[in-house]
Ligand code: NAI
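The data below hold one chain only, encoded as structure tokens and taken in the form predicted alone.
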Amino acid sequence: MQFGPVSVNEMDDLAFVAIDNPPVNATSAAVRAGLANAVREVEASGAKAAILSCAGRTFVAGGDISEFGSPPKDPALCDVISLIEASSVPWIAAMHGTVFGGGLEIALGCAFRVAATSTRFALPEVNLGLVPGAGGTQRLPRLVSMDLCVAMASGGAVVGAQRFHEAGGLDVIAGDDPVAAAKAFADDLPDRPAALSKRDVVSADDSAIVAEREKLHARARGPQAPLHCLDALEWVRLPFAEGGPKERALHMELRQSAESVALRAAFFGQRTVAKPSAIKGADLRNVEQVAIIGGGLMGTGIATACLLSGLSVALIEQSDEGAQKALATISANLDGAVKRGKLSAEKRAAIDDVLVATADMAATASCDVAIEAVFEDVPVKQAVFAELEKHMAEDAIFATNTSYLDPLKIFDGISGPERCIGLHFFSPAHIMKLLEVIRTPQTSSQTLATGFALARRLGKIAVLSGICDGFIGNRILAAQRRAAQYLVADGAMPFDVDAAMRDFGYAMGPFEVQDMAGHQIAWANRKANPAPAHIRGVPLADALCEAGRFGLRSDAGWHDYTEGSRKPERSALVEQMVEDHRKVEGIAARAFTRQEIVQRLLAVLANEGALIVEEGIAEDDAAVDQVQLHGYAFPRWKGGPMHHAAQNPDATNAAMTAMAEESRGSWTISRRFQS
């Protein structure tokens, strides 16, 4: 029998129920209705057991998120699971791939659970600003310990099959064929256990909930969904008939929350930027060997990322000594990945066979892609590519990792400009997720598509950018830093600006970030490239450097730091420097509330992002938001600066207008934010 994407096939005394709803078998309305019909069909079949499995690469990996913004459609998943749980025929979940969200809730409604060895389990609703809505927080604590429930529901932890089995979550680990294992299990079916909704909680100890709640409260401002998940887990002390409906009601309420709307926007935005229009239909080049030129912090980070993804790497340094130093750094990075459980000892040993560090550029000859990561100087980079042309194939892809320089100047004179591209990694490159993919007017769609494919292999979030000073991310960062200094010049203090942005949700404020990064490079850039005369200048950052306050490494920057500590402290010296600047400029200081500080800095982010979209540097607002979320620590539960501005247009317009009036000639206001 076929019920939409759900089929029921009877064989001997078993009923085989299969969901086929690509790509991830999400619990859409059609799947839910199909399962409800399948339960009735199985009941009528007289089967000894029903084996539930999914077609494709995964078991049910969650709900259909596109439905979350619309009125719910019957049947609700919680009702379908209740039908499965109450069926006179015991259901066996035969799972593979990712059993996430609604998929795990369905499995919890089954009498037995069988999973392939590589299966992973999670309740990731918290990452969308939600609590589970079909009994996840009410059934799971009746199966496994509360500390694991807290990790999965409130923390969004992904748990492997072995750990889940050891915790009591599975009856059988099935190798790589869960359906066959479920059939063998059904041949000697044990007595049916009590339904989870009828069982007692596994552990009476709530210390895990208490500890997690204390940890979340200590973070001050942050997403609220983790706390809501803890509330729902506490309801497991109630009878299921009370706790289940409470969980469902909270889930439905949170679907309309600003936090969930923002997190869903971030989720869909990540999908959007992965497939820009410029690469649709383009062929890919196969990439297996990568040359990296430059063995500093960035180059070794890129090399580490490539090696962790299974690529062969030839790293080129200026000298054998430099090559050996780079090799030691890469080895330390890889050893760290082993310690963190990101890399097996066996794979770590094998990497040595696919890594070469040398001063001989000829080692690049067989590489498919060359990524330059040398000093930010156009002639230096030009010389690198001129040398690479002598050794690499004519169609090898050339990529520059520049963060500010014009790639057209860097690639000037290179034959085959269609193969040239920017790949702007963020440091540390083996950890940071963002990768700006920079296209020149000559870059071919095949080169772009290959860049995006390489990014996916490296586990990066790739965002397409055109050419401008700083591309998407650093251009916006420069605007925000300028706005932050205007705030300080006009009445705020650096410590207060940072505190306001931490209240909003940032881990660090803009001045803390500058201190952490260090001030020397930005100081050198300002001296080499002074701002245009019409832009209001605030020389406070230069004054810091002239006073030897270069940031965290010197224990002094915008803030003071106790030696060996990263905790910023208010600096009396800096505040006096600010006061002196105001006197010289004749500025009458005004008070800024924390809300005004936040509104102004967010308005600048959104305004600069809108200009970038209007100029065609970024394809859309999603690109700007993804850069900010993954490269600049914009709080994900706020959705990104463009999403946030769209939700708060009046405040954004007012803040941007006020700043433009107070610093005339210093800001270009986007069309969308002009009053």
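Numbering starts at 1 and runs along the sequence shown. Predicted model, so just to flag it, every value in this text is computed and none were measured.
A second form of this protein, the form predicted together with the ligand, is not displayed here; the remarks below concern that form.
None of 374, 489, 464, 513 but one reaches within 4.5 angstroms of the ligand in the predicted bound form through a heavy atom, and that residue is 374. Residue-level contacts in the predicted bound form: of 508, 393, 380, 158, one residue has a heavy atom within 4.5 Å of the ligand, and it is 380. Of the candidate stretches 567-575, 380-388, 449-457, 495-503, only 380-388 has residues with heavy atoms within 4.5 Å of the ligand in the predicted bound form. When contacts are judged by a 4.5 Å heavy atom cut-off, residue 424 counts as touching the ligand in the predicted bound form. Using a 4.5 angstroms threshold between heavy atoms, residue 544 stays clear of the ligand in the predicted bound form. Looking at residue 478, you'd find every heavy atom of it more than 4.5 angstroms from the ligand in the predicted bound form. The ligand is not drawn, but in the predicted bound form it has a heavy atom within 4.5 Å of residue 297.
Interface residues of 387-426, taken as those with a heavy atom within 4.5 Å of the ligand in the predicted bound form (partner not displayed): 401, 402, 403, 424, 425, in sequence order.
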